Each structure stands twice: as C-alpha cells, then as structure tokens.
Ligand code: C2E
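Okay, here we've got a single chain as structure tokens, the form predicted on its own, with questions on binding and movement later.
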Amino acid sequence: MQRPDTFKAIPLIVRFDDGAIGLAPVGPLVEHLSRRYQTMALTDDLTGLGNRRRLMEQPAPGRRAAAWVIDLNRFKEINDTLGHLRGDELLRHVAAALTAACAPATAFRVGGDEFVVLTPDRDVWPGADPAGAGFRLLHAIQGPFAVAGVPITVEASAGVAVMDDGDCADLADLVARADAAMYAAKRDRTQVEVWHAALATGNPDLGLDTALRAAIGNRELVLHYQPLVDAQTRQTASVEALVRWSHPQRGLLPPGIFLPQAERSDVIHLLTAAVLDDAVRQAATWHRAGRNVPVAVNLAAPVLASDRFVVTIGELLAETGLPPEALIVEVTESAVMTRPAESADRLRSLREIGVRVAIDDFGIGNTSLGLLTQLPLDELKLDRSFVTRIHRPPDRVIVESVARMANGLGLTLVAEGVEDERTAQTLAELGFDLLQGYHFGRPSASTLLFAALE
C-alpha cells in the first residue's frame, strides 16, 4: 500500500486572475502551473497564436498538406514611425484577421512579422488552388487597421509549398520550401509564389542556368507585349516587352521562374541582348508597316552596371533603322542605386542618341529626390502598390504629390497595375499621361497585339 503524500495536500494562499484571494492545495496547483507553463512555451505571447515550437510539434504532414509562409512588407518602417507598441498592436490585428481567414487551417507566428498557415489538406478552401488561397490570405490581412488613430494598410508576401508523393521529406522541409518561395515573392514583388525546384534555398539550380543559356541559343525566349494607353484618348501609346521562356518540356514559363537566377550570373547579359534584339527588330517591323509604337525594354542592375548595353543598342538601331525615340529603356530605382553616378552616365549616353529613359516601379526604392533630378529621365512609372490604393484618401494624397512632382520635372507620368475603369478615370483626373494594366490588356504575342501588321 502506497503511503499518502501529505505534502501535496498542504494549502497555499493564491491570488486569482480577478484579484480574489483563496486557498489551493500544492499538488493541484503545481499540476495547473505545469500545464500553464507548457502552454506558454508553445504560444506566442503577443498574438496568442502557436509559436515556431508548436508548429514544429505538429503531426507529420500527409500527402495533401500545404504550408503558407507570410511576411509583412516594410514592417520596420511602421515600427520606426509609430513605435514598437503600435507595431505590436498591428501584429495583433493581423493575427486575428489571419486566424479568421484561414480556418479550419491553423495559423502560427514564427518570427517578428512572419506567420505560417498550415493545413493537412491543400483543398481546405473549396475552389481555391494553393496560390489562390495565398492571395485570399493576403487580402484578408490587408486591412486597413486602426492603429493609434491612423489607418494602416498591410502589404505582405506569401510563399506556398505543397506535399507531393516522395518529394518533400517532412514538416520542416515543407515550411522551408514555403519560406524560400516567400522570399522569391518578396524579391520579385509577385505577392505570392509557389515553391519549385529553382527556389531551393542556398542551392542555385545550375541545370537551369545551363538550360537557359541553351534556350537563348535555340531562340526559345519569346516576347509578349503589354500596351500603355493614353489616359485621355485610350489609344495605345507604347508597349512594354516582357520575356517568356517557351520551354520544350515545361511549356511557357513566366519570368519569375528564371529571371532572378539569371540576374545572379553572366547569363543576364546574353538574355538582355536577346530581348533587345527581338524587341528592336519587332518595333522596326511595326514602323515599316506604318505603326509608330515605341517599345520599352527592362534593364536589370547587372546590365546597367556595364557599358556593353549602350554599344548593343546603338548597333541595333543603326542596323534596323528604328528611330531612337521609338525605344524606351526601363530601369528600377534599386538598379540605379547600385552605382548612381555610373548609371546616370550610361543612361545619359543613350539619351544623347535619342533613346528614351524611364524609371520603373517608382516609390518602393530608395531614390532620393535630389538624385531623381540628376538622372536623365523621360518617364516615371509609379509602382502598382500605390495605384491599387488610390481610392484611399491618405494614399491618394501621395499619388497627387508624385503627379505634381513629375509634372514639375517635365516627365511623362505612367501608372502601372490599372485594373478597373474607376481607377483609370481617377488617374486621368490626377494628370497621369499613360496607363498600363489588365484593364487595357494583358501581355500577349505580337501577332495578337497587332494582327493587322503581321
């Protein structure tokens, strides 16, 4: 017969959560505190969501499991502007919205502004594929949320990974893949990316690099063109050339699959030369047929850092007879900021022969207004993140300020990401010159864009 442990029955004075004083036996009290501390060890104090430890203690994922990693964009700016207490308040709003939106899946907070949604069944949202579900989650946490009396709109990036038979080892691998996809979405500003082999963290796909070089030689790269229309007349004013890879096995691949890795190697120079060659020759064909439509080509940071593209463009214009003003080179703020002085000199060389220069995705980089006045620019393209929020009063004020600045500098002002007529009319009223977005046309092959010329 076991001897009774009288120690566990000794009463202790305790204070309850409501402030009341009472007695509790040592034994049950210890057991209660043990369970409570165990729960606390698995719970995020700020949001009440499960933490990284609880996430990793989830059952092994089945073959239909999926994970979404969501990271807030520019959260540091919110902390720096409003203070960490207000930043914490915003995180609580996001956690509550995410929990409601992802049910019956489970949300976790695994870092400062990073969340994970995990489901044992990727079809937990009827009718939504994993990427579509990612966009729904981002929309759910967009807000705006009132923080210190200020409406804060949340921008975020999401990466998705799904289990496939024999392809993903365990839960840690699944989350790591979703994390790699999230960083790709953040880097390429695509909002949502689904994991694929080329995104393997720290393991560049050397096979993809080799295949891309071969694809350039085999002319597997194709250009699609998206129109930019006059904000008043709605006539096509120019087109932007966007590269795709017509892969013999995988079909038509979007640039997010291969461009990020290309920009990390010398193949980006070959790729850009191929895109310039096709775009200039196509534009020359249109001009000979009487369609005077300028074409814009994007230049990545490594290309802008070299003098090679200036020579290439000059030779192409001379060979094809395309008027220089019919070519527009687009550069991003981040590309210019890599080497501001050298970039300005190279762009100035293009301007001297008549080529037009546009700064793309304006508003999300670090270009100072002083540098903006020193760059040889013709066009300023406002990033789509501002365009999509144009109907919110605080964001409209920012867009109006950019419009006045562009007008004062004598720049053609372009809005990217115009998806509806209401937005188009608002931008036209604010003084935008050109509009670009799905409302006016998706990127398409030249034969579809100008069938009459082919």
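Since the model is a prediction, treat every value here as computed from it, not as a measurement. In case it trips you up, residue 1 is the first one in the sequence shown, and so on.
Another form exists, predicted together with the named molecule; not displayed. Remarks below refer to it.
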item: Residue (of 179, 379, 193, 240) lying close to the named molecule in the predicted complex, criterion heavy atoms within 4.5 Å; value: 240
item: The named molecule in the predicted complex reached by all of 255, 360 and 443, non-hydrogen atom within 4.5 Å; value: yes
item: Residue stretch of 293-301, 321-329, 306-314, 142-150 approaching the named molecule in the predicted complex, non-hydrogen atom distance within 4.5 Å; value: 293-301
item: Residue contact check: residue 417 to the named molecule in the predicted complex, 4.5 Å heavy atom; value: yes
item: Proximity of residue 384 to the named molecule in the predicted complex, heavy atoms at 4.5 Å; value: yes
item: Residue 226, heavy atom within 4.5 angstroms of the named molecule in the predicted complex; value: yes
item: 4.5 Å heavy atom contact, residue 244 and the named molecule in the predicted complex; value: yes
